[in-house]
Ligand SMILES: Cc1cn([C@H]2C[C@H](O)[C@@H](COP(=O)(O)OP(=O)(O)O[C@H]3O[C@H](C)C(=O)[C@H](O)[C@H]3O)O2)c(=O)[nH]c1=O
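Given next, in structure tokens, is a single chain: the form predicted on its own.
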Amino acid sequence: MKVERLAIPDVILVTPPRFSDNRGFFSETYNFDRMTEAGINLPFVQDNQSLSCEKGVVRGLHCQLAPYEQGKLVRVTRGAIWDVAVDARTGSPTYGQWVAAELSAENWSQLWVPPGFLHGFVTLEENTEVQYKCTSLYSKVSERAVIWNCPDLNIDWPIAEEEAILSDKDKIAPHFSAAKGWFSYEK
């Protein structure tokens, strides 16, 4: 398994190997021991899957507050996304900074987004399926969002604002300043 720490070292890009032959391929997409060695050592309690039918669907930026903070291990099984993690941990040396990676069915990479981070993505292809493992169960009362194109974050999205397809909820999400104090940083 290839492991790459991104510019925010707590965010990790992992790429499991694929073993191909004339029938197709086999891949072990999750192995507790290997993920622990890579620095991903929280238990997963929920799996989610989304299908975005159109290119340009933006989901996020989302998170959940304590005691339901979620770490997410995100992968794409069909299509492609540009996946973003924003450090929302007050006191962190990378607070307010973001990193991104392209995840696709072709490159087979997965992104570890730790608890205390905002997470979002934009689909780069039609009919994109995203699957992610979560370290905490969904909690409606704990969910929070920040507007995807917040000028305070200056995320370099690979899509024009007028092309973005958003949910009604994501269209009215607050700016990043609202996230101050949502999470604290612990070394």
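Numbering starts at 1 and follows the sequence shown. The structure presented is a predicted model; accordingly, all values stated were derived computationally and were not measured.
What comes next is about the form predicted in complex with the ligand, which is not displayed.
Asker: Give a yes/no on whether W148 approaches the ligand to within 4.5 Å in the predicted complex, heavy atoms considered.
Answerer: Because no heavy atom of W148 falls inside 4.5 Å of the ligand in the predicted complex, the answer is no.
Asker: Report yes if any heavy atom of E143 sits within 4.5 Å of a heavy atom of the ligand in the predicted complex; otherwise report no.
Answerer: It does: once the ligand is placed as it appears in the predicted complex, E143 has a heavy atom within 4.5 Å of it.
Asker: Taking the shortest heavy atom distance, is S27 within 4.5 Å of the ligand in the predicted complex?
Answerer: No, S27 sits far enough from the ligand in the predicted complex that none of its heavy atoms falls within 4.5 Å.
Asker: Are any of the heavy atoms in K169 no more than 4.5 Å from a heavy atom of the ligand in the predicted complex?
Answerer: It does: once the ligand is placed as it appears in the predicted complex, K169 has a heavy atom within 4.5 Å of it.
Asker: Work out which of Q46, N127, T36, N154 lies within 4.5 Å of the ligand in the predicted complex, going by heavy atoms.
Answerer: Answer to the contact question: Q46.
Asker: Is it the case in the predicted complex that R89, W98 and K180 each bring at least one heavy atom within 4.5 Å of the ligand?
Answerer: None of them does, since no heavy atom lies within 4.5 Å of the partner.
Asker: Who in 1-20 is close to the ligand in the predicted complex, meaning a heavy atom within 4.5 Å?
Answerer: If the 4.5 Å heavy-atom criterion is applied to the ligand in the predicted complex, 1-20 yields nothing.
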